[in-house]
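The chain below stands alone, shown as structure tokens; this is the form predicted alone.
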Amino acid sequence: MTDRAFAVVRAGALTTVQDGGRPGHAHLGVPRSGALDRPAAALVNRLVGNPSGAAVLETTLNGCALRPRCAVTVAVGGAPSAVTVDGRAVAWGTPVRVPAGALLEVGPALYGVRGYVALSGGVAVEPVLGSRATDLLSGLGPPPLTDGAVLPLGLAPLAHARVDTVPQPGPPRELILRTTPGPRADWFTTAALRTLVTRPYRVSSASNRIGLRTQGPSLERATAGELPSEGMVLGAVQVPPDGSPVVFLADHPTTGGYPVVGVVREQDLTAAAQAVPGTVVRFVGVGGWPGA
């Protein structure tokens, strides 16, 4: 291990390595994975001078603590949180110089769910299928961080023009998901299709990187029975037997046997990454939604 590395002092509830993911491998059963809040990950990379797709750390709810073995520039974004270096408060959402051996602490999310920590040079774990991302479903990529782990860093970027701070959108107070009809919309009653796009749901605490689970009105099927497994895409709204819609996120399975009533537009999924349990979810029917 070279000096271009950092040690994990506190891993937090779930901290993973993420980048742009593994697009193009669904035919092999490999989901895209990658950062759930892609704009936030790209922003913190920009702040420290990395390419936008460099590997960062994605924290969940309660942050993490790191001790770099070399001086690094760090930026923390995504869900707002307190950030300290050796106990001294530093700015969130701006580049901060952290000396070798100093303790960088990212506190719990003040609101939102996922924070992003970029270190100059990027997290340089071994890539798998062209990506360094942790995929919780397939197990590809590095495992989630654990206390005491040491991870390598890439070469620090050369001198570059860098903004000192950038605006970042806050986590949503209400999650609006524009939804087009899915391939199995006809498996649901007319009333169920109307319910999905007119009644509010809430984010369930069972949500994770695989899917955003919801609580709310159950969707009644018009067709009984089960489907053979078929392909699934990012944003698919799958409805299991309990009738509660599940929106597939970055680590979703590439096949599934429950009917897909709709597909959420990908640009709306960024906000889903920061929606805390209990957040109101409204599905908005677009693209010829039945009855809309």
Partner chain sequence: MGERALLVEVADGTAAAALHAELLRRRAAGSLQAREIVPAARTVLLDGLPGPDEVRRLATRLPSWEIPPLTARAEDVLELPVRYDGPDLADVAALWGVPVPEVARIHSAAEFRVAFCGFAPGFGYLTGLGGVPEVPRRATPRTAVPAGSVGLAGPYTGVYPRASPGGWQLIGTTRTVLWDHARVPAALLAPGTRVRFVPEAR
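Positions refer to the first chain, counted from 1. For clarity, every value in this text was computed on a predicted model and none was experimentally measured.
Another form, the form predicted in complex with the partner chain, is not on view; read the next lines as being about it.
Among 208-216, 81-89, 181-189, 98-106, the region lying within 4.5 Å of the partner chain in the model of the complex by heavy atom distance
The contacting stretch here is 181-189.
Going by heavy atom distances of 4.5 angstroms or less, which of Ala65, Ala42, Leu61, Ala26 would be at the interface with the partner chain in the model of the complex?
Contact with the partner chain in the model of the complex is made by Ala26 alone.
Sole residue of Ala156, Val197, Leu151, Val128 within 4.5 Å of the partner chain in the model of the complex, by heavy atom:
Among Ala156, Val197, Leu151, Val128, a heavy atom within 4.5 Å of the partner chain in the model of the complex occurs only for Val128.
4.5 Å heavy atom contact, Cys70 and the partner chain in the model of the complex
No - in the model of the complex, heavy atoms of Cys70 and the partner chain never come within 4.5 Å of each other.
Can any non-hydrogen atom of Gly243 be found within 4.5 angstroms of the partner chain in the model of the complex?
Gly243: no contact with the partner chain in the model of the complex.
Test of understanding: in the model of the complex, would Ala124 fall inside 4.5 Å of the partner chain by heavy atoms?
Heavy-atom contact with the partner chain at 4.5 Å: absent for Ala124.
Closest heavy atom of Arg32 to the partner chain in the model of the complex, within 4.5 Å or not?
Looking in the model of the complex, residue contacts with the partner chain include Arg32, since a heavy atom lies within 4.5 Å.
At a 4.5 angstroms cut-off on non-hydrogen atoms, which residues of 250-274 are near the partner chain in the model of the complex? List them in order.
Sequence-ordered list: Thr254, Thr255, Val260, Val263, Arg265, Gln267.
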